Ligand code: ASP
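Only one chain comes next, encoded as structure tokens, the form predicted alone.
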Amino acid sequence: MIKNPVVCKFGGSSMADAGQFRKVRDIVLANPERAAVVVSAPGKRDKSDTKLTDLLYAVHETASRGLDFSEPFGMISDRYLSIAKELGLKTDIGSDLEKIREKILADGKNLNVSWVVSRGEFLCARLMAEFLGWDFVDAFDIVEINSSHRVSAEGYAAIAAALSKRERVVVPGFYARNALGELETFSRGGSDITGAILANALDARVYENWTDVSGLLMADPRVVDDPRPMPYVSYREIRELSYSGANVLHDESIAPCKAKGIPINIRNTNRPQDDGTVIGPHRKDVPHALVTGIAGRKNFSMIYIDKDMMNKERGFGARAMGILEGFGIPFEHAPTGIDSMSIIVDTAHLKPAQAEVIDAIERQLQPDKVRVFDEIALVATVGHGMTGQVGVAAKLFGALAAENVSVRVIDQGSSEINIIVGVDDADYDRAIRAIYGAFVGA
């Protein structure tokens, strides 16, 4: 393996069919520094198509109930066999598919869902390895994760040692080996994480994440017409934006690259000539707009607690959070006043236990008032350029007021790179367009 290689990850849309495989090969071979490739399972070929991973989940659900899974499995087989045939590959993918089918039949109700769905990436990597003429290396053999899906320093060293013996490799994404020696998948989109882990282990010069868009946009194009691209964004900014709803890159894939200052380049497989977006350390030499990006999510609830002299009562906030913890409910934000506290939670987490949560708050905290407000959206305005700038908040709230958008919650961290406002779900699109228009323009 060359020193400081370029590590590439190609998503499902990049692996959808034989034509996409050819694009990937052209991209990879165009730069001799590209020496490690991570692939996802084939994605949709068109809007009516089904992702291979979704078909594999269907296989697991059907087989684990003892039912006939031949229909979804047949669709999976046809996709891989057609890719292999069209590309003229000699890898006996048919034999691999038969071994998978036999294991599914043998395991029955004890079938490991992680193993089943990981076969999408496994088979795709096998085909791509032959198509490139590179070595196939199974992620299960080289990547070990702990209970938090993290790799230890020793684990990174082991990956580097294993790959140092290879010149160029293709590795399936989305899964690894846990501390018990079992196969375990990451959350959906987890091939991004695999690529970042390899980039860290190999001290990559850059981690290229190839997908179907030419980088990141300042806002959701479904909400804002033709939003501007983001040429450069810091690790901190993208973490804030990913958490707040921007979903081009898996947010857990940032940490392995950030640990070593490895830039992440989001690129478009269908437009390789585009520069895309670079994600890296906050750099003073990179010109920053006042606002880097705007993102948001809907369907939150706000638990509003009011109690006279709350600020004099030790441990009030800790007890409130302890109640949520007892019900397994994570919180998003908790803006407070002198005699009030608002706790923002995902509605889906709160609803199943809402009555019990409110009862516990009333019994343990004895508030003067407690209410739950639903259908709240959180909108985050992010940018290093906002730091220390006078009038940013005034401009933001002025834009919302001009559009008659009522603000229910305000939360700004001490870093000053993120202002979060809570608005009614119904005002979500108007809020984002208003903020974008104020800071970027129509």
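Quantities reported herein were computed from a predicted structural model and do not represent experimental measurements. Heads up: residue numbers just count along the shown sequence, starting at 1.
Beyond the structure shown, there is the form predicted together with the named molecule, which is absent from this document and is the topic of what follows.
Visitor: Taking the shortest heavy atom distance, is F174 within 4.5 Å of the named molecule in the predicted bound form?
Guide: Contact with the named molecule, yes.
Visitor: Do G155 and the named molecule share at least one heavy atom pair within 4.5 Å in the predicted bound form?
Guide: Judged by the heavy-atom cut-off of 4.5 Å, G155 is well away from the named molecule in the predicted bound form.
Visitor: Even though the partner isn't displayed, in the predicted bound form is R408 close enough to the named molecule, meaning a heavy atom within 4.5 Å?
Guide: No, no contact at 4.5 Å.
Visitor: Although the partner isn't part of this model, could you tell me whether R283 comes within 4.5 Å of the named molecule in the predicted bound form, counting any heavy atom of the residue?
Guide: Residue-level check for R283: no, no contact with the named molecule.
Visitor: Which residue, R371, K298, R188, R150, is the contact with the named molecule in the predicted bound form, using a 4.5 Å heavy atom cutoff?
Guide: By the 4.5 Å heavy-atom cutoff, the listed residue in contact is R188.
Visitor: State the residue from K51, H60, R34, H384 whose non-hydrogen atoms include one within 4.5 Å of the named molecule in the predicted bound form.
Guide: Comparing distances to the named molecule in the predicted bound form, the residue within 4.5 Å is K51.
Visitor: Want to guess which of 35 to 43, 22 to 30, 375 to 383, 388 to 396 is within 4.5 Å of the named molecule in the predicted bound form, heavy atoms only?
Guide: Heavy-atom contact with the partner occurs in 35 to 43.
Visitor: Does any residue in 62 to 97 get within 4.5 Å of the named molecule in the predicted bound form, counting heavy atoms only, and if so which ones?
Guide: Stretch hits: zero.
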